[in-house]
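First comes one chain, alone, set out as structure tokens in the form predicted alone.
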């Protein structure tokens, strides 16, 4: 493999224990790979050149572990981190697998379940802090409905808000250096999940008591499941200063949650995503929330992990070429040419500007006849991605 696209710590590439540790089971078939321990997975990630490992609480510690078992697991995991140099940038809580959460966690209709979810999350936050995490992600996998008869939507949002406010207060009370990132998904495993898109999450955050502590964790597959443009969702998060974390994978539109290798389906979308992140100097974790094909053994899992990182770095180089391609940049200059005559009208509103603009005559026919050259621009982009330029 070319050293030109070899990952280093500066790229901040991470994988979850649940990703490279996925044994390859699905709703129609049993696992095809033996389950590796968290320690073995840390060493696997070090071997492929990853920087970080992320985890749910129960990816590391079984939900029914005793105190002594818990401590032994943590000690062994910390030793593996020290041996490999792998870091834990993000942690989260599994609030979806156990039957107790079948009606949700923070939005469950059972107050005992809601209280248990808070307890479990506080313990998992403590674990994340102990392992060095500075980011905490919330994916509400069961926070939704299978029938709208079951839950009143506004009440459910109030419950979710109350839980996040509670946990923000807990972070402040413990003096933890930690931020929260909310992850949206439209459906699966529930028929409908509350706050189904990144835009919905951004709107919800502004209703919290401490919105400055909370951002978003957009995922490629989740926006594509809804048929949306992921690049636009990430741009909105960046513009709002709320892109706290990001999940990279790939997904065919209109399918179930596939979690495919990054860039393996929608290469042009992946290119413009990398361009958006790199051009805007995104400095956060680049987390690959994806899974190897069920056909693979653990050598194939390593190929999968290397492929995610290599594709990102190849696209990063393509972004540099695109930004420095003389023909592309010349065309962009033509497209965005501005003679400055509208400066007197545009920008921040002023009453005199508005009055003057209302008297301005525009050659609507000429403006409507202009060609923008987007076909040529897109073709040049495709040729660059295909290796012709």
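Numbering follows the first chain given and starts at 1. In this text, all values refer to a predicted model and were calculated from it rather than measured experimentally.
The discussion below concerns the form predicted in complex with another copy of the chain, not included here.
Next on the checklist: Given the stretches 71-79, 128-136, 85-93, 106-114, which is the single one in contact with another copy of the chain in the predicted bound form, using a heavy atom cutoff of 4.5 Å?
Outcome noted: That would be 106-114.
Next on the checklist: Residue-level contact is defined here as any heavy atom of the residue lying within 4.5 Å of another copy of the chain in the predicted bound form; does residue 26 satisfy this criterion?
Outcome noted: Flag for residue 26 set to yes.
Next on the checklist: Although the partner isn't part of this model, could you tell me whether residue 169 comes within 4.5 Å of another copy of the chain in the predicted bound form, counting any heavy atom of the residue?
Outcome noted: Yes, contact at 4.5 Å.
Checklist entry - residue 10 near another copy of the chain in the predicted bound form, any heavy atom under 4.5 Å? => result So residue 10 does not count as contacting another copy of the chain.
Checklist entry - Does any heavy atom of residue 66 come within 4.5 Å of a heavy atom of another copy of the chain in the predicted bound form? => result No - in the predicted bound form, heavy atoms of residue 66 and another copy of the chain never come within 4.5 Å of each other.
Next on the checklist: Using a 4.5 Å heavy atom cutoff, which residues in 297-328 contact another copy of the chain in the predicted bound form? It's fine if the answer is none.
Outcome noted: Those in contact are 297, 300, 303, 304, 307, 310, 311, 314, 315, 318, 322.
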